[in-house]
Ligand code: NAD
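Next up is one chain by itself, shown in structure tokens, the form predicted alone.
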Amino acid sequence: MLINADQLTSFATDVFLAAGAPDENARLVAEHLVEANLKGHDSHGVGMIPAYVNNILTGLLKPDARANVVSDKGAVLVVDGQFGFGQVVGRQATALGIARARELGVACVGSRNNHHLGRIGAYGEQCAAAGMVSVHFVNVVGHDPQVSPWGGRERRMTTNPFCAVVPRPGTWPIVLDMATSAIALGKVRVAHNKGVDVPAGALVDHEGKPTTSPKVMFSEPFGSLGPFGEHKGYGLAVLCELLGGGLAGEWTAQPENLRSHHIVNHMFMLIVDPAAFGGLEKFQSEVTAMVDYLHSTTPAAGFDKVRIPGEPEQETRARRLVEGIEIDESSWAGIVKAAQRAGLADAASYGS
């Protein structure tokens, strides 16, 4: 089914309001989720509504929580999200970091105890909108690991996102936003709901053999996601675990820590004001010239043009704003069921 972005945003807002979220928080989370759908990241879009509603109803997600500064040492801030909506408390932590970077030239922010942050690129884009460069290391805890280390078959980590963003004057920023697993777990969920395979090289079964069936992540005997780029992606995932989890959150995926049905993100952010280097105009001109140089590359066989990080998302967004957002029937049924659990009695009438 295809749903208009504005209608989907209104529906998602109503769901979170029914679940007990304050008006501003409900709208902000809904907008974040739908923006992820618009940019082609369906794994981090409205398909997360069932998990969010369940965690609100079970007390794992505090829908009215705000970010709280627990340590302030000038350029270094530690901010506790108190298990509030990641889209709310993560944005608040990022705003604090931007203000400090504007004052000092650089800020290092440890944003801990956030319920699922959603699409990490949103926080990089928030920094870029303020003219900042940013780097984000994120780990995922609170539930069982899903990703095996390079060379192993047993689950030890999760999808551990990495993001880096560079602003561009007068246009959208360069956004590198990726899971360090071969694909995001949410993409496996979407494939499972659609009844389709995942790309080769993303999953292994319980024996460590490659498979394209998403079922191995949802029924025993369980398989696992692998890292992207073999040992290179694995290495980056470890850094996300240790910087996002160990340093910023003091909570990694090692088995002594709590595992239930929670979705907790810790984020280590480095936010830099390029003006602090003294050559802002030259930096901006170099970014523009380099992008133009990359765009001028003759496309290889099978490609229509060369793109920069973040460009595919911009193209997908433009198309989906016109055509609507496609949601498979299984995912939509789960969303409607969650909406009804939240108390939205007429949920089934949406999208019809």
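A residue's number is simply how far along the shown sequence it sits, counting from 1. Just so you know, these numbers come straight off a predicted model, no measurement behind them.
The same protein also has a form predicted in complex with nicotinamide-adenine-dinucleotide (NAD), omitted here; what follows describes it.
Pick from Ala101, Ile120, Ala93, Cys240: which residue has any heavy atom within 4.5 angstroms of nicotinamide-adenine-dinucleotide (NAD) in the model of the complex?
Looking at Ala101, Ile120, Ala93, Cys240 one by one, just Ile120 meets the 4.5 Å heavy-atom criterion.
Looking at Met132, Val89, Val147, Val140, which has any heavy atom no more than 4.5 Å from nicotinamide-adenine-dinucleotide (NAD) in the model of the complex?
Answer to the contact question: Val140.
If we take heavy atoms and a 4.5 Å cut-off, which stretch out of 249 to 257, 206 to 214, 155 to 163, 103 to 111 is in contact with nicotinamide-adenine-dinucleotide (NAD) in the model of the complex?
Of the options given, it is 155 to 163.
Is Asp80 close enough to touch nicotinamide-adenine-dinucleotide (NAD) in the model of the complex, meaning at least one heavy atom pair within 4.5 Å?
Contact check for Asp80: no, nothing within 4.5 Å of nicotinamide-adenine-dinucleotide (NAD) in the model of the complex.
Test of understanding: in the model of the complex, would His41 fall inside 4.5 Å of nicotinamide-adenine-dinucleotide (NAD) by heavy atoms?
The answer is yes: His41 has a heavy atom within 4.5 Å of nicotinamide-adenine-dinucleotide (NAD).
Can you check whether Cys127 is within 4.5 Å of nicotinamide-adenine-dinucleotide (NAD) in the model of the complex, heavy atom basis?
Cys127: no contact with nicotinamide-adenine-dinucleotide (NAD) in the model of the complex.
Heavy atom of Ile308 within 4.5 Å of nicotinamide-adenine-dinucleotide (NAD) in the model of the complex:
Ile308: yes, in contact with nicotinamide-adenine-dinucleotide (NAD) in the model of the complex.
Stretch 167 to 188: residues contacting nicotinamide-adenine-dinucleotide (NAD) in the model of the complex, 4.5 Å heavy atom cut-off
The stretch 167 to 188, when checked against nicotinamide-adenine-dinucleotide (NAD) in the model of the complex, contributes Val175, Leu176, Asp177, Met178, Ala179, Ala184, Lys187 at the 4.5 Å heavy-atom cut-off.
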